[in-house]
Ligand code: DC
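The chain below stands alone and is given as structure tokens, in the form predicted alone.
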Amino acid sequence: MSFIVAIDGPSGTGKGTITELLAKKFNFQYLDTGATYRCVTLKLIKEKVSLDDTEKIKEVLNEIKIEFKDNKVFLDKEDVTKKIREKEVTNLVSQVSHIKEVRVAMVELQRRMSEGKEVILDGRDIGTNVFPNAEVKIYLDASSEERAKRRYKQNKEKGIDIPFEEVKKNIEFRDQNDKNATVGPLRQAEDAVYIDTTNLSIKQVEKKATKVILKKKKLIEKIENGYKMTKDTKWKRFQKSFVKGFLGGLYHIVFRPKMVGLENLPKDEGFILCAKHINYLDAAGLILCNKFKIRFIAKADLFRFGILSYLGHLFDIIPVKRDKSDLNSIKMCLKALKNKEILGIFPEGTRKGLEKNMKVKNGAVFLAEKAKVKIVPVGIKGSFKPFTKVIFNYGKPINIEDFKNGDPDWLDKASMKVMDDIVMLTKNVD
């Protein structure tokens, strides 16, 4: 299972120390990204390569071999754990890390090393560039004075003799370089948890970071449970019948739903219902106010919340992780269609997607083509204000096979046809 923890922040905030502690605590694989840049720097120094010689740098990057074993760093099979921390490398690593070719190569290496593993990484752009979809993002910070003191002490312990003022000057210089970098600049990711370590002990920082990781792990566990369909027992059928009857009755009272065009629905075969997503309650209307069973596809985050998780399991909602290739979700959808079930999908991907100028998603067309089923567009008209009418207008089925004419953009064109029909059905209904 992949689980990425990204710890970013300026030099000297304790990233390396905290990352190592958390790696041991959670049994994560620790990938020292800073060490990868230091290895490149050391190799360039050894081979006397000018930082302006792009072609030679590319050659070095093609040949270099970096490995992490037993808490040691190996460059071309040589243990360089201490060498990459020496003054000559330290003074040059910031400049090397800003070279575009180096940055691209190391990001690719870091992603390759982390693939499919539980990994913790620290750097300056892990959560913003290397792993923008990391499960956990933490941004550590501290005053430059405090960071210089820490780095000076750390160097002393490793037998590296660099004067304090020089250490501080190097840190301030690196801060400016990192923040103004054209490639992978240092900045806090929007969804990162900020921790100021200036007046905190290592133990206190570790405790705060541990809470963040545990909270995320618990949340992911809830979401993953959404993929575990509950068995179709008599008790479940009773609950579903009761809940659907109760909530459906309330829905009829509050919104007075009207179904138009039900004769267009295919008989005795699976198909996909595609509707315009205008309100949180439109999917509820389709599920509660029809005699037939519809299994909607909804964002996996829905299963984070107790009552929504309960309803999701009760009505066999299929979760999907947005902005990812969710193979589990795709398999569940195809299996449902093969079993002649009805899937509900919002092609906009989110509420009022068209109004937000978002591109229509082609997932529904993709599934319809794979399962060899039709798509039924649905127009929904109503304000969803209490005691107003909501109309559901079912259109004629769309055969996706008609769009497979060798055009490489047929998926997108078919998706737009579905969306155009939905918009037309929404407008042309009273």
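Computed from a predicted model, the values in this text were never measured in an experiment. Heads up: residue numbers just count along the shown sequence, starting at 1.
From this point on, the text means the form predicted together with 2'-deoxycytidine-5'-monophosphate, which you will not see here.
Participant: Report yes if all three of Tyr37, Ser97 and Ile126 come within 4.5 Å of 2'-deoxycytidine-5'-monophosphate in the predicted complex by some heavy atom, otherwise no.
Facilitator: The answer is yes: all three residues contact the partner (heavy atom, 4.5 Å cut-off).
Participant: Ser11 near 2'-deoxycytidine-5'-monophosphate in the predicted complex, any heavy atom under 4.5 Å?
Facilitator: Because a heavy atom of Ser11 falls inside 4.5 Å of 2'-deoxycytidine-5'-monophosphate in the predicted complex, the answer is yes.
Participant: Spell out, yes or no, whether the shortest heavy atom distance between His277 and 2'-deoxycytidine-5'-monophosphate in the predicted complex is within 4.5 Å.
Facilitator: No, no contact at 4.5 Å.
Participant: Heavy atom to heavy atom, is Val93 within 4.5 Å of 2'-deoxycytidine-5'-monophosphate in the predicted complex?
Facilitator: Val93: contacts 2'-deoxycytidine-5'-monophosphate in the predicted complex.
Participant: With the partner left out here, check for me: in the predicted complex, does some heavy atom of Arg85 sit within 4.5 Å of 2'-deoxycytidine-5'-monophosphate?
Facilitator: So Arg85 counts as contacting 2'-deoxycytidine-5'-monophosphate.
Participant: Among 155 to 163, 339 to 347, 172 to 180, 248 to 256, which stretch has residues whose heavy atoms lie within 4.5 Å of 2'-deoxycytidine-5'-monophosphate in the predicted complex?
Facilitator: The contacting stretch is 172 to 180.
Participant: Judged by heavy atom distances of 4.5 Å or less, which residues of 145 to 172 approach 2'-deoxycytidine-5'-monophosphate in the predicted complex?
Facilitator: Just Arg151.
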